[in-house]
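Take a look at this single chain in structure tokens; it is the form predicted on its own.
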């Protein structure tokens, strides 16, 4: 641990009339109490949205949602985003199952490695909303890191140095890892693993491998907050730099961003609804529950072209 966020970020709860926020860690995250996501009022929603932008990640316990209610709640934030990995459920194409069966012995799990969701798309998803059904008795946690705090804790000189740089995001390295470590099966990365023996990759997959370039420092379109937009899973280079030039910058920023002082960790429970803003944080899952089943469902909200 190199730095502490003292004086740079205040994760105390704001005063609300219609919800209660209970901070999870000093750097980010909060539990939201007093809200039924299936019947959220307009007043509750506005405060919940404010809390999401403030804490970067929020979660609600003891929620009972159908897939339709999950969709309806997500649409309060905006239209659905493209999902880069799955086609959704029959009748609910924007609800995407993230299920790992107990007998899946893959050495890699979906969401493993620090990342922001699908930054290789031209307009990556803004908000991710994940709902849990079945959780292993231990393991299966998720950790987030506050990329706005990480940007604020850089020196003025370093911030000036990276201003204007653009990161090349691609699915290339993730696809290789999936081919090396994942069993073929009925899961997002299990189906991706099935492409390892394909004579020719689909045009859609090639599009994601080509990827896109986005600003290394992006500005949140609602709050105006600046945050690092970089991750070690999809960030493969910096525009107009040689690989040996970009690699030290990307490595430093990854190590800086993901140090423990900037993170929070969530122990999942069944019927928990968790939201995070991909423009303000990165996250990772853990493959530490082999022999147990884990079942969650994800929706994502459409985002803008990063700027």
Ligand code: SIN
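Residue numbers count along the first chain shown, from 1. Please read these numbers as outputs of a predicted model, since none were measured by experiment.
This next part talks about the form predicted together with succinic acid, which is not shown.
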Go through 178, 130, 154, 121 and name the one with a heavy atom inside 4.5 Å of succinic acid in the predicted bound form. 130
With the partner omitted here, the residue among 237, 111, 215, 232 that in the predicted bound form has a heavy atom within 4.5 Å of succinic acid is 111
In the predicted bound form, residue 126 touching succinic acid (heavy atom, 4.5 Å): no
Could you tell me if residue 115 has a non-hydrogen atom within 4.5 Å of succinic acid in the predicted bound form? yes
Within a 4.5 Å heavy atom cut-off, is residue 262 in contact with succinic acid in the predicted bound form? no
Is residue 84 part of the interface with succinic acid in the predicted bound form - any heavy atom within 4.5 Å? no
Exactly one listed stretch (24-32, 278-286, 245-253, 48-56) reaches within 4.5 angstroms of succinic acid in the predicted bound form by non-hydrogen atoms, and it is 278-286
Within 67-91, the residues that have a heavy atom no more than 4.5 Å from succinic acid in the predicted bound form: none
